[in-house]
Every structure is written in C-alpha cells, then in structure tokens.
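Only one chain comes next, encoded as structure tokens, the form predicted on its own.
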Amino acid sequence: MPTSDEFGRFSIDLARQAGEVLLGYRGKLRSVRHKSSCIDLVTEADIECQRFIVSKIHKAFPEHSILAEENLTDEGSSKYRWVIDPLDGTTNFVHGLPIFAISIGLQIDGITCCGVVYNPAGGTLYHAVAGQGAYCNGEPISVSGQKNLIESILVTGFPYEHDEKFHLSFELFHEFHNRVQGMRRFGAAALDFCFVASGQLDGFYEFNLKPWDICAGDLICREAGGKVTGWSGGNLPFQGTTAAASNGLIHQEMLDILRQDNYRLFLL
C-alpha cells in the first residue's frame, strides 16, 4: 500500500486533472438543477468532475471506500476512505466567479492523512500530509500571528435552509461584525479553511457543513499551525455540524462568542 507521501502526490495529480474537467465547463453549462432549495445548486460540471475523480480512485485503489457530495456513499469495509467535494462553490461557478474548488481528503481509520484543495480558476493548490506541514503551490504556508479579535478578519458562510438557525446566524454575524476588523463571505468552505491556513484571514466559523466541505481543509489548516474545533471547543465534528478554525491565538475569543446562551440552538 502507498505511503502517505505517495497518497499525497496522487491526490495532487488527481485534483489538477479534475480541475481541467471543471474548467472545460466554464461558460458552457447547459443546465443547472436545484437540490434542497432554489439556492442549492448542482450542475453537469459537479457530476462529471465527481465521476472523473471516483473513476481514477477506483482504478488505482479499487478496495478503498469513497464518500462524495453528489449522492455517493461507497463505504464498504476498507480502512481507507476518500472524502470528496468535486465542486465546492457551485453557485460561484454558475455565476462565473473564480472562487470555487475541488476538495479531496483521504482518511485512514477515520484520521485524515492527506488533503488537497484546488482552485483551478486561480491555479492555487493547497495541500497537506499529516505531520509534514501545509503548502500552497509547493511553498510552505502558516497561519497569521494576529492576537486580537478586534484586529482580525474572519470569514463565514450561511446555510441553504431558511429556518430558525438561518435567521439566528445573522444575529451572530452582526455580533462578530461589531467585534472584528472585517467579515467576509466567499461561498466555498474548503477555501475558507485554506485562507486561514495561509494567513490571509484569521478565523472562520460556519454550521451545517458536510464531511466533504471540511475534511481536506481541516487538515491543511491544522498543518499550517491553526486550530480547528467544533463550536463547543471539542474536536471538529466529522459531519460538519459546527466548525471553527483560526490561527489559534484568537480561537478562545471566537468560542466565547459562539458558545453564548443566545446561540445555544446551534449546539443542540
């Protein structure tokens, strides 16, 4: 069986090839379908890119399990599980915004050993192998040294379902906005982790994510020296119910806000 380094190189090559698949659809989409709501989109680019990635993994590692966004749960009994988002930021992609990514993570016995997040529009590839640091286009990256929340820039996202949590999330956004230097919303969680990992942003929080949104980005952020937890402060939930990532220095200040009683609905 390949080493973690070899899995990492395979993942990087696969992400770059899959990026060519996505770029082939830019400006040429024939249809856009809705999933859970009119703002939760899927395109033939998502489907074809996932098909490409899965076929390559099946060919190289036929015994491995795969968990992917577009209705694929091929768990099997293997201790190796690939967690894939073929197109994170579909809405951006549909509208021609160059903020989208392919996310590929590999777990061994439930522990992520390597992860790649690739934005083919910008030619920006983030990757990490557990214990070996994080990189952007082959160059080492690290989180920021910002120590104070008030001087930090944070990024967040909002869910598709317009329920009670959705409306409460804007109250939370407002509170953070009053206590930081700036707030951003890019619409691609995998990249949000990487922006924190590279020190471009200082922190990230979101809820109602999925495993494929967080698997690779979580490892990249931690390998860059960042801290990633759930909003309770414990380990990041694999299902992505809540996620908080930071440079580590402002993490407690973020959690102090996220764990306030008026936001306890997010932790139920």
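The shown structure was predicted, so the numbers you read here are calculated from the model rather than taken from an experiment. Heads up: residue numbers just count along the shown sequence, starting at 1.
From this point on, the text means the form predicted in complex with ligand IPD, which you will not see here.
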- Query: Which of 90, 107, 169, 144 has a heavy atom within 4.5 Å of ligand IPD in the model of the complex?
  - Reply: 90
- Note on the structure: Exactly one listed stretch (132 to 140, 108 to 116, 157 to 165, 171 to 179) reaches within 4.5 angstroms of ligand IPD in the model of the complex by non-hydrogen atoms, and it is 157 to 165
- Hey, in the model of the complex, does residue 209 get a heavy atom within 4.5 angstroms of ligand IPD? yes
- Message: Even though the partner isn't displayed, in the model of the complex is residue 187 close enough to ligand IPD, meaning a heavy atom within 4.5 Å?
- Response: yes
